[in-house]
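Below sits a lone chain in structure tokens, taken as the form predicted alone.
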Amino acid sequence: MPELAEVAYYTTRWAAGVGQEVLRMHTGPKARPFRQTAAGAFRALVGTIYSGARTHGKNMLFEFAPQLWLTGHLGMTGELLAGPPEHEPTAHDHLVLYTRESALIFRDFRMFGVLRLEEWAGGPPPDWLALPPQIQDAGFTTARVAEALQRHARSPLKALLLDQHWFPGIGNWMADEVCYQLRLNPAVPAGTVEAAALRRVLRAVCRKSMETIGRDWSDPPRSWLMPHRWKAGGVCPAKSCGTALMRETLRGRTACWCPLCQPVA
């Protein structure tokens, strides 16, 4: 599933439609992406003005004036695109919003993504405002990180990092990256991790990810684990290491780490 920076990047693709009126729309015949809102309800977007987007972790929010909000997530294979106003929908284009200058497209091959339409005056809908603090927010404090570690003290660190209630936007590769930069094995019990260090690394990883992937899909630093973790025969990027990376399933997700820099306790 796309993670924090990837979701932020995808939402920028709809920037072509900001300030424009939705003239017509298309919804695909598959109901699954609209399982929380009837597909026919999206006709209410016709005649509205697309005002812009924001993200919260893996969640997306699009504002359509005067008071309609499109929320949801991309699932595993969803993506957002902008095409020409004469765009012909493909079989996997589940929602297309046409403006005078562009077509705003939600495409999802495996249909794990979700789109919802909400009407709410005066600002974002309550369920959006109730989301937990993002990692870059002031409310993401050391005390909050410590609470997560204490409540789930026996959980493997990586498994806890994937919990969106505590760490919104963190997914598989970002959790591996955080563990790598802490030089901790992904299976280490969360209760043994120092909260201030975890918060510092989480914020640094999120910041750099947003500056690279989130801005223009460019790669994060080569010194990170991320550019090497998917490679067959990938090795640790640390200059003094070069050890072959390990991969194992941990709580149903593939974890990648360096056995020398992140030894099992």
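Quantities reported herein were computed from a predicted structural model and do not represent experimental measurements. When you see a residue number, it is the position in the sequence shown, counting from 1.
As for the form predicted together with the DNA, it is not shown, yet the points below apply to it.
- By the criterion of a heavy atom within 4.5 Å, R32 is counted among the residues contacting the DNA in the model of the complex.
- Proximity of W120 to the DNA in the model of the complex: non-hydrogen atoms within 4.5 Å are absent; the residue sits far from the partner.
- Within this chain, A138 is remote from the site of the DNA in the model of the complex, having no heavy atom within 4.5 Å.
- Within this chain, R154 lines the site of the DNA in the model of the complex, having a heavy atom no more than 4.5 Å away.
- No member of the trio R24, L45 and R107 reaches the DNA in the model of the complex with any non-hydrogen atom inside 4.5 Å.
- When you look in the model of the complex, the only residue of N172, Q181, T142, Q134 with a non-hydrogen atom within 4.5 Å of the DNA is N172.
- Residue M111 is the only one of M111, A103, L80, V193 with a heavy atom lying within 4.5 Å of the DNA in the model of the complex.
- With the partner omitted here, the stretch from 82-90, 154-162, 95-103, 125-133 that lies within 4.5 Å of the DNA by heavy atoms in the model of the complex is 154-162.
- In sequence order, K58, H73, G75, M76 are the residues of 45-79 having a heavy atom within 4.5 Å of the DNA in the model of the complex; the partner itself is omitted from this view.
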